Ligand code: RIB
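There is one chain below, alone, in structure tokens, taken in the form predicted alone.
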């Protein structure tokens, strides 16, 4: 039986990779896309999510979500990473479809209630929609199968500060609510995504095998790869959001450690995901009685990229 998922997203080039990966995966049933601000505004994220369903020729509802962080001022959208259109400035025509008449948080609650214990939420952006869902219906945490999120870092350097990863930094208060709620959270952060390099050889082979989706991914990835190449002198890009899809398809690709995660919500360390490994005690009480998060620390890069290529081909 296919695993039921909701993808919470701010497309975003790496979001597009993840979403098309999920649409093509026979192991997964995408129940809906919920959108948030992050890589782009929530309005553009919603348009981009609808566009992805049309490129993939699937009928999946898209629900628009939060537009700004819950407590802090919004940060600028990273046009220099994803382009002003979120897809590497390839300037596709607007989608024909529209979002459903329901908020992202309400869609999450209603869908989880319809399939109790069966729905995995895959979060690819800031976590405001998940925090809002918890506010709407605190009991929903007990009914979600798992929350798998791309964000944070345990020991790797951050990418928007020395200690913070962008998705968490964009709404740290929402992230802290998600990590401390009584559901199973799996964090796929920079500790593993910085171990995987996606290059144009793989993207070219996917394009050849699957011209529609592969051609789109190849075109929009060039802007993304140019950013990484210019900043880090690498021949490709890090494999961020799509790693979550691979995890849900085959968790054996990753090695995990258990621990409590709290998020710094102010000061010089704002956005830091502070990981207290299971079995260690500290004088500070902030990690006491916090549910254990599965933090991915190891990854089989070759197996991960092979799964991505074969699924999209």
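Positions refer to the first chain, counted from 1. Just so it is clear, the structure is predicted and the values come from calculations on it, not from any experiment.
Quick note: we don't show the form predicted in complex with ligand RIB, though the next part is all about it.
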*Heavy atoms within 4.5 Å of ligand RIB in the predicted bound form: which stretch among 179-187, 108-116, 138-146, 164-172?*
164-172
*Using a 4.5 Å heavy atom cut-off, state whether residue 132 contacts ligand RIB in the predicted bound form.*
no
*Report whether the minimum heavy atom distance between residue 159 and ligand RIB in the predicted bound form is within 4.5 Å.*
yes
*Wondering, does residue 35 line up within 4.5 Å of ligand RIB in the predicted bound form on heavy atoms?*
no
*Should residue 127 be classed as touching ligand RIB in the predicted bound form when contacts are defined as heavy atoms within 4.5 Å?*
no
*Determine the residues of 13-48 with a heavy atom within 4.5 Å of ligand RIB in the predicted bound form and present them in sequence order; the list may be empty.*
14, 15, 39
